[in-house]
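Quick setup: one chain, the form predicted alone, written in structure tokens, and binding and motion questions come after.
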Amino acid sequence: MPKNFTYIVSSLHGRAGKTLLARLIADYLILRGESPDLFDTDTVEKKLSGCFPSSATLIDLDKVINQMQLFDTLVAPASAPRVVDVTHRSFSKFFHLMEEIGYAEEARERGNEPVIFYLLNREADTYTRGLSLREHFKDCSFVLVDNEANGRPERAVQLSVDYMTLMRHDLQMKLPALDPMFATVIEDPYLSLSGFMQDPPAGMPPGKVSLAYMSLEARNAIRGWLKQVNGEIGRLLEMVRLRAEMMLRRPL
């Protein structure tokens, strides 16, 4: 099986829940005892690097030197899993570079399996571009992510060929919606979601208190949601691992 995995989290549009999912995957891996290397390509909002200041590298994909730095790192042999948060502003650029340099094949030769997580939302072009992305990277595990907080697209979109074709994709993940009352609470970059799930909870810097800890209702709601999310992430990562293992066993 591959020595490690690179989880590429992407969405065509902003506010789809992409950085939240990248953060959740990172915290899931941390809870599992791993120390993932994280890459934040959003130099405007810097949300992922804000949550993991000591382990996330900020990458400006508008700069050639940063493009080289990122992909040189991603093709190198890895001792830990990697999570890449691809900002919607650089969606086309990132995947163009990924295809142009033959990243997936080279990374796999060095024991690292790339996995693309693609978040859906309500816009029609999300499904058109999703099909195109899957087609361009047939050799990568491709995971469709339905963030329930985004709601369903209009009926006209659901009746489109692109929607119906993409939604038959076999590798799908549901990101359950968190009660809006608590959704803003987990945006606190000082709140470690992996620390919050420990018993007793940990992870807040000295002098910092998250609202997540302030009431029993908040703790129970957020903890229950995280357990559900971690179950989904664990299920998908195991499926991806088994598929990668089967690919390696396939006769030439």
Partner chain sequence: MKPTVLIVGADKGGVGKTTITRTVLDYLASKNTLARAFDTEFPRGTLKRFHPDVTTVVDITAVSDQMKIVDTLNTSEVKISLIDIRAGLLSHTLKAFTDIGFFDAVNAGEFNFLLFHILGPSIASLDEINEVMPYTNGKNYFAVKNFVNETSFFEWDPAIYESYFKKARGALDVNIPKLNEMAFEQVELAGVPFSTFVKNKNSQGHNAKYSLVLRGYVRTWLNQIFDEYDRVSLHERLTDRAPSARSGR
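Numbering follows the first chain given and starts at 1. A quick note: this is a predicted structure, and the numbers were derived from the prediction, not measured.
One more form of this protein exists, namely the form predicted in complex with its partner chain; it is left out here, but the text below deals with it.
Undergrad: Hey, in the predicted complex, is residue 139 touching its partner chain, heavy atoms inside 4.5 Å?
TA: So residue 139 does not count as contacting its partner chain.
Undergrad: May I ask you to check whether residue 127 falls inside a 4.5 Å heavy atom distance of its partner chain in the predicted complex?
TA: Flag for residue 127 set to no.
Undergrad: Within a 4.5 Å heavy atom cut-off, is residue 102 in contact with its partner chain in the predicted complex?
TA: Looking in the predicted complex, residue contacts with its partner chain include residue 102, since a heavy atom lies within 4.5 Å.
Undergrad: How about residue 183: is it within 4.5 Å of its partner chain in the predicted complex, going by heavy atoms?
TA: No, residue 183 is distant from the partner.
Undergrad: Looking at 179, 154, 72, 148, which has any heavy atom no more than 4.5 Å from its partner chain in the predicted complex?
TA: Spelling it out, the residue with a heavy atom inside the cut-off is 72.
Undergrad: Considering 67, 192, 55, 210, which brings a non-hydrogen atom within 4.5 Å of its partner chain in the predicted complex?
TA: Exactly one residue meets the criterion: 67.
Undergrad: Any idea which of 37-45, 58-66, 184-192, 215-223 reaches within 4.5 Å of its partner chain in the predicted complex, heavy atoms considered?
TA: Selected stretch: 58-66.
Undergrad: Scan 103-127 and write down, in order along the chain, each residue with a heavy atom lying within 4.5 Å of its partner chain in the predicted complex.
TA: Counting only heavy atoms within 4.5 Å of its partner chain in the predicted complex, the contacting residues of 103-127 are 103, 106, 110.
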